[in-house]
Structure formats: C-alpha cells, structure tokens
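Presented below, as structure tokens, is a lone chain in the form predicted alone.
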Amino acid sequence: MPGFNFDNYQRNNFLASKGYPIPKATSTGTTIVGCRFDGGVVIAADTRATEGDIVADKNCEKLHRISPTIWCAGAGTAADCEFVTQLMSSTLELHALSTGRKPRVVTCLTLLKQHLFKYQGHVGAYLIVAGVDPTGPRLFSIHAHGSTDVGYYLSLGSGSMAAMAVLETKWKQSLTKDEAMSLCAEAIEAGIWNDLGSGSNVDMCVMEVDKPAVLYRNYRTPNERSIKEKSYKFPRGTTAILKEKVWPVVDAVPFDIFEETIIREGDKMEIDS
C-alpha cells in the first residue's frame, strides 16, 4: 500500500542518543486563501518557505495540481504537502479510470481526510482544496488531523487571521472573476505584510466551469528589490595595505633516504603432491 514511511523515526532517536542534532523538516509559515465566484473558484498563496527563523526559499510554489480541474493550496510542512498532493493526484487518476468519469472535488476531499486522519496529525499538511466538477465550483479546507470545512471563502496558515480580516470585510455574493482574483490577492498581501512567516509574491489559480484551470505564477510581486541609491562596490586598492607577512603552512625539514631489503624465511606452504 502506498503511504508514508516512518523508519527514520528510529534513526532520529539514534542520532539524538549520540549527541547529534535531529534533522529538521522545512515548514512553511504560510498564508493561503480560497474564494468562490459565479462560475468558478480561486485559490491563492504566498511564496515564502521558512525553516525556523530562516527563509529557506523566497519563491516556492504552494499551489499543487491534483487533476486538470482540481487544485489545492498547501500550508504546514512543505514536504508533507508536496507528497500528499502527489499521492492524491495518482489515486484520483486511478479512481477516474476505474469509474470512467471525471473526478469530483468531494472525492478528493474524502481521500485526503481519511489519509490524514490515519496519521493523527503527524503528517503536517493543511490544505485548501478547490475545483469544478459536474456539481459546480467547490471549495473545502482540511486540517492535518482530518477535520474539514466548507465555505464561500476560506483561509489557512500562520497569516490566516490577516487574510480572513480582508475576506470578511470585502467578500460579497455574486462576485465576478476579476473581483474574486483581486480579493484573494489582497488577502494574501495582508498576510505578507502582517505575518513574518509569509512573504515574497502572490501565486493564484483560477478554475472555471467547462474551462481548464489557469495558474498565475507570481500574479503579484509586492516585494521586488529596488535599485540602491548608491553603489557599495569599491575598486581594488581602495584600502591601503600597511603590513604584509607570509607564514608558511608547513616548514621544510631536510631528511635522508635509506634503502633497506628485508628477507623473511619461514615454513613453506604444504601442497598436495
């Protein structure tokens, strides 16, 4: 059966017992949102991946393709989000081939929550699942323990409170596609500016009925590096050398070479005659 392998748990305990640091997983302090509009659904995410207090990746991709019409945004442990969505993508494709019909978003949600509940939260994937199917546009969220939610707009991640404040304030019934895209981008930017774990750019994916999903990579780039007013590159020789002394790494020691021949006599090996 496909799934996760926790053999490294014993390895990590062994490393800890010998005084070595335990390897750390790359975790995303993230802002992800989703919003429904008339005829489709939009999901968006920031692009900063953090490893503790360090920014591990400034432009990582947190929007994952599950099927041509179903995408999800991931928060939590980056590796878990990546491999859970890959597993669901292959499982859903086999399910579609077996049933002979297009996969539904609720089917993907059921497979995900059963898989995550089995691991009791130790697989750190927090997902917003969205897509269109014969029932129309659908939007769900799922936590690492397997609990799910459904709504017209959702947010997850460390910057979810800032994003939800924007969604609660500006969401309305019967949004157009452009209004939904602008609202999701503004919600992600709220997480970027107000959450240290979120940052860099805004990625977005739009799914419409009877149309292929469209991924907008770096839909907004609010953190572009500006040109410095002054150049801090100094020409060679700007700083004067006052004193120079070279220390040899290895001192040369003279030595003599002798040649010696050693002859050893012992019992001969017995062989069959």
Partner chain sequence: MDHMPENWGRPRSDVYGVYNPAIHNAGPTTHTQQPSITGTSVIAIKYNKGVMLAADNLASYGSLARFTDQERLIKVGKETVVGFSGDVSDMQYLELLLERLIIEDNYDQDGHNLRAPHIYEYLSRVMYNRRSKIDPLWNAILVAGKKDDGSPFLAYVDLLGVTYSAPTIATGFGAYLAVPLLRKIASDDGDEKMITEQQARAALDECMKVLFYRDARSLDKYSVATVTTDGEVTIEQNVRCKDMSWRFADHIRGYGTQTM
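Everything numeric in this text was worked out from a predicted model, so none of it was measured. Residue numbers count along the first chain shown, from 1.
Although it is not shown, the form predicted together with the partner chain is what the next lines describe.
Scanning M164, V132, L175, M181 against the partner chain in the predicted bound form with a 4.5 Å heavy atom cut-off leaves one residue, M164.
Distance criterion of 4.5 Å from any heavy atom to the partner chain in the predicted bound form singles out L109 from the list L109, A78, L92, A144. Contact with the partner chain in the predicted bound form, judged as any non-hydrogen atom within 4.5 angstroms, is confined among 69-77, 166-174, 92-100, 118-126 to 166-174. At a distance threshold of 4.5 angstroms between non-hydrogen atoms, Q86 is out of contact with the partner chain in the predicted bound form.
Put simply, K113 is close to the partner chain in the predicted bound form: some heavy atom of it is within 4.5 Å. Proximity of E82 to the partner chain in the predicted bound form: non-hydrogen atoms within 4.5 Å are absent; the residue sits far from the partner. Taking a 4.5 Å heavy atom cutoff to the partner chain in the predicted bound form, the contacting residues in 142-163 are T148, D149, V150, G151, Y152, Y153, M161, A162.
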